[in-house]
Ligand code: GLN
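A lone chain, given as structure tokens: the form predicted alone.
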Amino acid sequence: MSRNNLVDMSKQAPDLQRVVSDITDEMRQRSERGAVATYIPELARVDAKSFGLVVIDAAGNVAASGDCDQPFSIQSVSKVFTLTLALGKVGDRLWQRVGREPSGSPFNSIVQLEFERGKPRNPFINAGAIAVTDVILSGNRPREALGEIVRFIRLLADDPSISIDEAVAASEQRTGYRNFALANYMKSFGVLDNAVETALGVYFHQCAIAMSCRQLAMAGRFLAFLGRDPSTGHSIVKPERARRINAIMLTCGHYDGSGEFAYRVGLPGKSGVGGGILAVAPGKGSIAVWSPGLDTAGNSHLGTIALEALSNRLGWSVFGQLS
């Protein structure tokens, strides 16, 4: 099947489409929606009532509902794609700079970084993601490194229209004081090879990439199917690497809320403070949800509830199906 010939699930598999539509309707009726991120001024302007949900299965069938085609700032969801690129560049040498353990701390904590002498606990907290971006930047100009990231995401999503929201990037650049502190601290321990300002410039722009749920679910399909694009059979990464990226998503993808997400949803996932979550059900499908209101850990409040409902109703948890 061509990647451009994805099938509308509302015509092919009404049960799955019904599940997605029902969950969207249920989320719209909830009054408690969390709070939008205000420390990045541009994100504070997003409508907290927005909600979108998309599921794409192995055959390329698409079940979509809500604001599923509205682009939003993917923020830390971008770290899944930069981790994939960095591993492609340096392989397991990456783990000399970045750990693979859950943090148990807020995503922008500097306390843990100080205790561990500048080595970030995992690639999905801010410090770890900055170190990963530094790997991609090495040997390239900032524009080239950023272009590589955007082209990779466009390739995965099969959509050349995906771009960076420059207003969000500028907003992060103006207010990213904590990230500057993290990067300078890592630089003092030799974790970063490039200038702090250069590495952060690329990092802020990668986080400002704007995608819809439909685009994000498409881009994450390779992780649900052992590193392959199931529509074309093209290998993105080796099966072992896809499995390991999924493992880190499951244990570290939601910061200090990762254990709670694994407990409730049971799927590898990566959240962003823009309200998006990319989740994968190995062998079954990729899922993207967007709801801008966040919980206290910085993860989408309704997005998590929606994914828990979806996983339960479809029996997609990696820990087994509920009776």
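Model, not experiment: these values are computed from the prediction. We number the residues from 1 along the sequence you see.
Just so it is clear, the following notes concern the form predicted together with the named molecule, a form of the same protein that is not shown.
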Interface check vs the named molecule in the model of the complex: of Phe72, Phe81, Phe222, Phe107, the one with a heavy atom inside 4.5 Å is Phe107
Partner-contacting position among Met27, Ala262, Ala64, Val273 - heavy atom within 4.5 Å of the named molecule in the model of the complex | Val273
Answer yes if any heavy atom of Asn126 is within 4.5 Å of a heavy atom of the named molecule in the model of the complex; otherwise answer no.
-> yes
Find out whether any non-hydrogen atom of Ile40 is located within 4.5 angstroms of the named molecule in the model of the complex, and reply yes or no.
-> yes
Proximity of Ser171 to the named molecule in the model of the complex, heavy atoms at 4.5 Å | no
At the 4.5 Å heavy atom threshold, is Cys207 in contact with the named molecule in the model of the complex?
-> yes
If we take heavy atoms and a 4.5 Å cut-off, which stretch out of 64-72, 32-40, 50-58, 281-289 is in contact with the named molecule in the model of the complex?
-> 32-40
Stretch 231-256 - residues with a heavy atom within 4.5 Å of the named molecule in the model of the complex | Tyr255
